[in-house]
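Below you will find one chain, with nothing else, as structure tokens; this is the form predicted on its own, and questions on how it binds or moves follow later.
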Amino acid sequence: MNITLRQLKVFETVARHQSFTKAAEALYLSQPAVSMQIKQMERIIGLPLFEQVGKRINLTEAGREMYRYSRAIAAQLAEAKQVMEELKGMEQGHLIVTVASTVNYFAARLLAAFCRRYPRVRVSLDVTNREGLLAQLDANETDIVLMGKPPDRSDVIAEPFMSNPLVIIAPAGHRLTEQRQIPIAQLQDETFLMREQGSGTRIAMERFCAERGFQLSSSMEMSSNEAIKQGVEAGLGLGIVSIHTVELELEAGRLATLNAECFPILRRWYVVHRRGKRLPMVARAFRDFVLSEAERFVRTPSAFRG
């Protein structure tokens, strides 16, 4: 049937109001124009759609069936319009992402790939520590958070997207780099460069030590992974970091990982957002991209002995 969308709209309006006059007023058309559209539809269909009963018009059996289809078509068109508007929003949207400093080494590659797919999206990226991440979640200041251990709270949704092994790093040429299955007890007298209290890596290390009754006798606290890497390379001590933060240093031979008992410590990274928050289309697309594509961007260093 060569019925136009315009004719369907006119028919649906007449059927809903059960009046040509009211339909004409609603559509800002003249009554003869409305009547002409209905007559054209009836000619195309080959059946009457309305019948006159006194001063009232009623739908015929064919009219009732067409009314059902016209409403379904109108609903589908409205849904299509909404989806298209959301897609416009995604193509030109603004994505607000906050990542833990450890995740940033990996998140940059993810964001670059996502922006290649959606080049008109504007991205605001904030790199901060765990305390800052939680504060932004509480204040609803970010769309998506990429982090290690998520908060144990019911007001957030956290989905794991990638493994994040923690390894012990040492300066190249350290006496322990050639040793296999180093007993944990042998490391007890080593100096370790540690992240600040409250960081995800520090929490994981403290839990690891508590579970095994292992206590570091000497440690230095540093506020970033970069500081730890530089300190280890300079010979200040050993470090415990995500394998993903030392790719370049391992490949360049400036650092090495130790083959220690019970290492690597296996953790995961999570994509997190507030429960109940209506994520913008672009944020939903990024969350789905992270969950489905993250593993493709993993680069396990060839020098990793873990």
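In case it trips you up, residue 1 is the first one in the sequence shown, and so on. Just so it is clear, the structure is predicted and the values come from calculations on it, not from any experiment.
The form predicted in complex with a small molecule is left out here; the points below concern that form.
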Residue stretch of 125-133, 228-236, 167-175, 152-160 approaching the small molecule in the predicted bound form, non-hydrogen atom distance within 4.5 Å: 125-133
Quick one: does Ser199 come within 4.5 Å of the small molecule in the predicted bound form, counting heavy atoms only? yes
Under a 4.5 Å heavy atom criterion, is Gly148 part of the interface with the small molecule in the predicted bound form? yes
Would Val97 sit within 4.5 Å of the small molecule in the predicted bound form, counting heavy atoms only? no
Please tell me whether any heavy atom belonging to Thr142 falls inside 4.5 Å of a heavy atom of the small molecule, as the geometry stands in the predicted bound form. no
